[in-house]
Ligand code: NAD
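One chain comes next, on its own, written as structure tokens: the form predicted alone.
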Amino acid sequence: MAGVRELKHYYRGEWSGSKSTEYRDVVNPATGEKLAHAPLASKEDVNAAVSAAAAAYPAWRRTPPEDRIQYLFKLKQLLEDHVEELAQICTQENGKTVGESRAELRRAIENVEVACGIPTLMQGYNLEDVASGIDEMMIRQPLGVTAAITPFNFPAMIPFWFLPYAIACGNTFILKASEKVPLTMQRAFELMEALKFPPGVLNLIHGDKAAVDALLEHPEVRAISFVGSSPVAKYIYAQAAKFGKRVQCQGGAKNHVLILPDADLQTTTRIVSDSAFGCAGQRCLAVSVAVTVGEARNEFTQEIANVASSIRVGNGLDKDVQMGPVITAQSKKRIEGLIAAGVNDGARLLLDGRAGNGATSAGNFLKPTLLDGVPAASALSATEIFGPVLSLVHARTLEEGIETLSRSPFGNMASIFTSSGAAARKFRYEVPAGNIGINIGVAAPMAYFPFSGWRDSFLGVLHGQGRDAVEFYTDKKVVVERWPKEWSRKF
């Protein structure tokens, strides 16, 4: 490992070497190059970070919200000034194109902007004379130490679904970034040192399940946010609840789009292709199943095959590349196995992006893959592939199409492509998903709306972003008060 950078944890306002002897290589998925050596935090490391956050909390919660957001105004400008640097790092460790990394950072900055409104968003309410001479009010107060566990697919954006809201509301914050892609947030924390937050307000831990379990079990951690696969989301939700914590867990997805015969074919095909194959299909809002309705079947099938086959796959740092690699060699092997399983179950392979079928040999590359007619009984119909694979399913009517996607255990996103307002209304009214797109391929909410999700795609009540974030990171306190006149005469 000579010459490979060794990462450190960040707490008490300083970088600290790990107390653990376990490390993980951070690898560029496009080249196989070792980028860094990341420590896997021990319980002792996590306890040190929590202690730092707990020590910082009393003074930080007493800092007026107007003063707290001054740090966020500076943070927004700091991120603006370093977008290109952070985008390059994000692409190196994740594999997505630089354009996709830049777009991700725009969403991160957007969340910082929204959190700057905390003096208004955090306000409570009051009512005089709930009874004669008695007034009542509801005020919001921060929770204490909070933590977020974030995934590999958006190293720059998803931590900022949580960080700015948590600290703006007066909490202290610990980030456990994905051990697969720790470099983007490592650099972000290095940059944030210039903002001079009080030591312990912001903390960064590298690690795997052991670090997660230590956060879940620690009595001073009041709230946990998570984004990742549904099985892990269920584990974290159950464990966090067991230890009495507030928790929000964004899980996996199997996102469907319905394509009606009256949709604009060229626009629809381009949007669906971008959704299915952008970020190598590793978005939680990526389209996984396209359901054509009636006469849309033949034309869309032909057009999507043409568009998908023309996508340029390669290193995301290279100009004109449209799709990068998947995150690891293990992910590539798993996706290839799922493609084979779909074929074995009766699906027709329209476009094969596996190695040996035109895919780039170096790195964890797959090309776009199209599976036509995946049977409803196939396990693949309910499996999150998380790769550049689009399944095509065909329905005779809008009702049958809605029924098809309603069978999915997930409910993260669903979209419809149509020129019919009535069909669009029926779709948004009936479909059991938390993020709905109408002629939109990736229905990603703006930062001032919650990032919704239903069924197996979300565990909890309050989502990330916007007002939900403020609700999640504050406790409500109701004060009922009376000041009798006869008491005031004593003073």
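Don't overthink the numbering: it's just position in the shown sequence, from 1. The structure displayed is predicted, hence computed values, not measured ones.
The form predicted in complex with nicotinamide-adenine-dinucleotide (NAD) exists for this protein as well; it is not shown, and the discussion that follows is about that form.
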- Task: Could you work out which of 186, 364, 273, 150 is the residue within 4.5 angstroms of nicotinamide-adenine-dinucleotide (NAD) in the model of the complex, going by heavy atoms?
- Result: 150
- Task: Select from the listed residues 284, 145, 257, 156 the one whose heavy atoms reach within 4.5 Å of nicotinamide-adenine-dinucleotide (NAD) in the model of the complex.
- Result: 284
- So which of 309 to 317, 209 to 217, 401 to 409, 414 to 422 is the stretch with heavy atoms within 4.5 Å of nicotinamide-adenine-dinucleotide (NAD) in the model of the complex? 209 to 217
- Using heavy atoms and a 4.5 Å cut-off, decide whether 57, 113 and 474 all contact nicotinamide-adenine-dinucleotide (NAD) in the model of the complex. no
- Contact of residue 427 with nicotinamide-adenine-dinucleotide (NAD) in the model of the complex (heavy atom, 4.5 Å): no
- Do residue 322 and nicotinamide-adenine-dinucleotide (NAD) share at least one heavy atom pair within 4.5 Å in the model of the complex? no
- Message: Considering non-hydrogen atoms and a 4.5 Å limit, does nicotinamide-adenine-dinucleotide (NAD) approach residue 387 in the model of the complex?
- Response: no
- Task: Give a yes/no on whether residue 241 approaches nicotinamide-adenine-dinucleotide (NAD) to within 4.5 Å in the model of the complex, heavy atoms considered.
- Result: no
- Though the partner is not shown here, which residues of 225 to 256 have a heavy atom within 4.5 Å of nicotinamide-adenine-dinucleotide (NAD) in the model of the complex? 226, 227, 228, 229, 232, 235, 236, 250, 251, 252, 253
